[in-house]
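Only one chain is given next, in structure tokens, and it is the form predicted on its own.
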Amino acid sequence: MNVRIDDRLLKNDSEVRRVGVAISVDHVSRAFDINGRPLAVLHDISLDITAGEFVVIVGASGCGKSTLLRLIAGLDMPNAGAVFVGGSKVVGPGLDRGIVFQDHRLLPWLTAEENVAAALIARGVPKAERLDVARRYLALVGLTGFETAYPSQLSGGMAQRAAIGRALANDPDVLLLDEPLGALDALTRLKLQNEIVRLSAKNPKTIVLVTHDIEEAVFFADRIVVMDAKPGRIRRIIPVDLPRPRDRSSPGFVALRSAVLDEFIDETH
């Protein structure tokens, strides 16, 4: 298989606004003050993501993957440039974006359904309806029967399912996933990867996932964004032209996984 890497996508021409763009990162830079000195984490990042696209961001530790996701979420602000979601400039968090972190961040004193229901308060869902909506989304992520369980009574994978259900309950246009499977054992991770594919097909969203796992990136992505570090910048954007559902053992999958891995091997030489 010849893996096609579309170098036209590396131009990052943010002046051209494509029809159907859900997320536009426009010449964004971010630096942090470390002991009185600026540390550049992201430098001149530009990226357009179309509505309904599944984009996966990969790169070595310290390349700014999670920082970029936080900028899209509105949890942090750039020093230069701007982020647009749905054509509007991001100035803070919004109900149009849901985010799931590596740790589930469920409130330990609330049950699974209460955790999801609490997320609906900001959307103005009447109190009488919140638990009904919460139960519906817990069923969507395969947690029927565990609605009244507390986080301490759930396995790691089940708690992450609940966190994904909570993020989906507000019906955001954009779902941001910051290594949500990174702390799970291999078998649970594989099961949840399949679950995310099922959910994205059943309830389509624009999805941006950050991961260290190259196989996971190939399994999910429409496009893979490979980042360099010090400072973080886009090195390459790789289209993933593989049919779904994806077979991890197929020649095309294996070849593309090797091609993405080569990006990191080349970086060390």
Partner chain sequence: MARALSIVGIGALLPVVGLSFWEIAARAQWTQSQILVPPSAVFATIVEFWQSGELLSDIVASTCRVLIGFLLGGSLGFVFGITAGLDRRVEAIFAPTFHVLRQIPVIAWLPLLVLLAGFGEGFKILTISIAAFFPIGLNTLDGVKNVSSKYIEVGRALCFSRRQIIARIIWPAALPAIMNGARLSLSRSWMLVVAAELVASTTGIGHRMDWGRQLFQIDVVFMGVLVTGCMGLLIDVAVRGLARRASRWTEQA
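Residue numbers count along the first chain shown, from 1. What you see is a predicted model; the values in this text were computed from it and never measured.
The following text describes the form predicted together with its partner chain, which does not appear among the structures shown.
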Quiz prompt | Distance check, residue 90 to its partner chain in the predicted complex, heavy atom within 4.5 Å | solution = no
Quiz prompt | Touches its partner chain in the predicted complex: residue 103 (any heavy atom, 4.5 Å) | solution = yes
Exercise. May I ask you to state whether residue 130 is within 4.5 Å of its partner chain in the predicted complex, using heavy atom distances?
Key: yes
Practice problem: Using a 4.5 Å heavy atom cut-off, state whether residue 80 contacts its partner chain in the predicted complex. | Solution: no
Quiz item: With its partner chain left out of view, which of 183, 190, 75, 197 would have a heavy atom within 4.5 Å of it in the predicted complex?
Solution: 75
Practice problem: Consider the chain as shown here, without its partner, and state which of 86, 156, 94, 142 has a heavy atom within 4.5 Å of its partner chain in the predicted complex. | Solution: 94
Quiz item: in the predicted complex, does each residue in the set 254, 261 and 265 place a non-hydrogen atom within 4.5 angstroms of its partner chain?
Solution: no
Quiz item: Of 27 to 52, which residues get within 4.5 Å of its partner chain in the predicted complex if you count heavy atoms?
Solution: none
